[in-house]
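The chain that follows stands alone, in the form predicted alone, written as structure tokens.
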Amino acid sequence: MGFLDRERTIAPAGFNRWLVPPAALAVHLCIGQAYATSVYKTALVKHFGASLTEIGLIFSIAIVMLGLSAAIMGTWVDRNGPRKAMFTSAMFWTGGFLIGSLGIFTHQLWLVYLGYGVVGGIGLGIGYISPVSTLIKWFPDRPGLATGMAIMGFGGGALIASPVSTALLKAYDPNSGAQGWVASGDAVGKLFLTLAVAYLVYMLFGAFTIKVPADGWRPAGFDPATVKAAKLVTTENVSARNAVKTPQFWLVWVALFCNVTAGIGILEQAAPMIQDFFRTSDGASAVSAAVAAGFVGLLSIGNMAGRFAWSATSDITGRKRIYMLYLGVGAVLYTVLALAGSSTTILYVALAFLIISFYGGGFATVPAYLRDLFGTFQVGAIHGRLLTAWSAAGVAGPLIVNAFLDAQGKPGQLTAASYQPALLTMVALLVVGFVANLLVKPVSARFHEPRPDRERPHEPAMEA
């Protein structure tokens, strides 16, 4: 399969670098479906007779495997190039849907854990990091904009997947017109099969159109010496092995973990949460299932827009300052959501939209943050290792929310007050992340890679 080799993807002279982001988007829009799992979460609870926590574990396993596979395969992706990585991602991601559908049809929840969670999660991790270092090399003049363009696709994946999934579930379930309808397990299984085929085609399109720049390539008119000097932006390079030995890596890890944990708990519970917040005295919700699905799509817009807008803004403000916004203002917004979010739907939607835009912005900004701190040498591999924070958050976020909710009552009986303990816990986490981000300083020179133009320090000969 030599056509997947990195050497086959080197761009010819005169290649337009703006053709690269669409190829990256093709993969990220597909794997972004992970944010639309709440659309069929209630259906799986009913189908398997399971709790919210047990069904939420499917999503958590997928995010854990995302972080682990990104950390383990990061160096492999940097070495073999984006085409082979995207192809591999497509095989795992769509294979996970096929195995997951088998688990649904046979009423075997462990197969859904294995398929969507483990196998699909590996596809998530490889696909997520596959275009990042390539985009940073294509756009050395605007690294925040570059990563934002691709990673916004992951946030926007649910914008497509949520309404499409809702429509397909209705088409596959003959009882979809019934009052209080919840999709059947058979409909969810058929949905998984449909998504597997569609995503395979689109992800392979991205894999076969991606290009990497030739060694030494620079954008026309770009001079690295003209880049504005900033305290946290280095011209040195740090290897992935050395990066994990620095306090900066772990401080950014904590900041990302806290930001992701806070956002992921809402995203994973998005559709039922808005219905619970506006439950009437008779137990019914003022928000229909269709409107709740639309809300998931709206959050996807916020997630996607935040990834692009906040990340691009970080090229002007700096990464550390923008993370202060995500974590500091985010803590205030969560407090208002917990205490007053149920007063009006407009306030609830506005708060959730901003919170999720900060969540998405944190993801899109972090590759450029790492590039500023550690250079471009192995930024893809370093990014992969940092995504273990996402793995941990993928467990912590849904676990915190679902554990609190399971203790408060059953799905369909929860109210806005049921969410307060979980939301205020997220506020505390965001404060911790804010402090960690404040402590980030430039990386010590002892971790830098030796430069060819720099003479190595003289080492005295050892005595016999």
Partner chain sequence: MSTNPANHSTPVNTAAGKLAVGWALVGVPLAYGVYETLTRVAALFG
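None of the values given here were measured: they were computed from a predicted structure. Numbering follows the first chain given and starts at 1.
The form predicted together with its partner chain is left out here; the points below concern that form.
Heavy atoms within 4.5 Å of its partner chain in the predicted complex belong, among the stretches 247-255, 322-330, 153-161, 120-128, to residues of 153-161.
Checking M304, I355, I210, L191 against its partner chain in the predicted complex, a heavy atom within 4.5 Å turns up for just one residue: M304. M149 is the sole member of L373, M149, A183, M273 with a non-hydrogen atom lying within 4.5 angstroms of its partner chain in the predicted complex. Proximity of A340 to its partner chain in the predicted complex falls outside the 4.5 Å heavy atom cutoff. Heavy atoms of L25 reach within 4.5 Å of its partner chain in the predicted complex, making it an interface residue. Contact annotation: V336 falls outside 4.5 Å of its partner chain in the predicted complex, judged by heavy atom distances.
When its partner chain is considered in the predicted complex, P219 lies well away from it, no heavy atom lying within 4.5 Å. Looking at 13-31, the residues that come within 4.5 Å of its partner chain in the predicted complex, counting any heavy atom, are A13, G14, N16, W18, L19, P21, P22, L25, A26, L29.
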